[in-house]
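Okay, so here's just one chain, in structure tokens, the form predicted on its own.
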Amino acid sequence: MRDMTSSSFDSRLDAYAELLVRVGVNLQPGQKLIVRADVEDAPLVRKVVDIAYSLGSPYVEVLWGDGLVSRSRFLKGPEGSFGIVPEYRAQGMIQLAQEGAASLAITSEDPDLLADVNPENVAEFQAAWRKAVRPYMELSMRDAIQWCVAGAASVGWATKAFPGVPEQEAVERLWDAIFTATRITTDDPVRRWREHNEQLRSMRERLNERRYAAVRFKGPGTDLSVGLADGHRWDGGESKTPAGTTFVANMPTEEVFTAPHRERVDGVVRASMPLSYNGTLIDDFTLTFEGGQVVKAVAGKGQKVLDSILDTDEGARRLGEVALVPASSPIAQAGILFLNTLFDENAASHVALGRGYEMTVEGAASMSEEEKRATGLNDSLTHVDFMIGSAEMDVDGVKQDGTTEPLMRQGAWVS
């Protein structure tokens, strides 16, 4: 068993922190940084902060969370109190983002942390929090700031991803999987990421040239047509702010994605993996769409939580993202069910309920809300990805004249 305090592990953690700061958010000299993380992630956060100051950041704001503290609140807090949110924290994030700060979120959530919590308590908090931070979310979802989401191994997460494995070994295995997925184990992670971003850029350009009207998914339990927004553009890999600064929003990332038309989604889709959402697992679930809206949702596990997502607002019953990921992606090939959307969504094609990304519609950043809606871009306080792809999934591109051509067969790109 490898010692987590060993120099080899520490050097990999150093390289990971360096990658998140230099490539993930691509922090610039003189730029502030927001870091959001659980207290259990402190060793990684401290390295990130040290690198940020070494690069010339004048200020790093670390916003700590504690999953167990949150659990206590949702279990024992009084009824009607869960709409109370830390407004000062929301305003701090908004102010720093408006000043041009980059933002790094580190996720290490135990997927079962809130399994025995009343989902209505969590939903009440989430609704209030999303409303409070909406200006921040708008900046990030139109790529007005550099932002990145990355993972860190925790005991709670590791023991769920590797059940039956001793605690320390499970954490070690999860760190190894994170390092592999983010290319830390390669000879030159930064160069490997540049090469990977170029591959994703090539694929998104290929799709943009096709100008499909829709994409259609067919697989076990799934027959879904996803119409694409007017003026849609495929994105993926490296993103760019209006000032021209590049960043990688998700580490890892294996997807190319675009905006569905909020009113042109029809059919049935079955999730191909469990969804870990705010400390609760939703599993074995199927959604039926008519005219872009979910009209039926059935889950074998987590029905109340699934319902709470759909009831967030009117836009939560519509799609804001459709993403293609080959079954040959390194994360899929690892054969690990991470039970963490950041990783699992890069093992399979997926869609997202809720808000769409402005950068996936040409010119949307300068449009009014009514104009964005007219293109089909969806709006919501939430954005929840869930996985639908597998090695049994076929995907077709639907041309403007209604004819189709294969994009994927059995989860693999058709050349």
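Position 1 is the first residue in the sequence shown; the rest follow in order. Everything quoted here is computed from the prediction, not taken from an experiment.
Form predicted together with a further copy of the same chain: not shown, discussed below.
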Is residue 77 close enough to touch a further copy of the same chain in the predicted bound form, meaning at least one heavy atom pair within 4.5 Å? yes
Please check if residue 96 has a heavy atom lying within 4.5 Å of any heavy atom of a further copy of the same chain in the predicted bound form. yes
So in the predicted bound form, does any heavy atom of residue 66 sit within 4.5 Å of a further copy of the same chain? yes
Applying a 4.5 Å heavy atom distance criterion, does residue 301 contact a further copy of the same chain in the predicted bound form? no
Note which of 92, 267, 330, 100 lies within 4.5 Å of a further copy of the same chain in the predicted bound form, where distance is taken over heavy atoms; exactly one does. 92
The one option of 62, 367, 359, 381 with any heavy atom within 4.5 Å of a further copy of the same chain in the predicted bound form is 62
With the partner removed from view, which of 346 to 354, 373 to 381, 359 to 367, 66 to 74 is the stretch that lies within 4.5 Å of a further copy of the same chain in the predicted bound form, judged by heavy atom distances? 66 to 74
Check all three, 213, 221 and 323, heavy atom within 4.5 Å of a further copy of the same chain in the predicted bound form: no
Heavy atom contacts to a further copy of the same chain in the predicted bound form at 4.5 Å, residues of 80 to 94 in sequence order: 81, 84, 85, 86, 88, 92
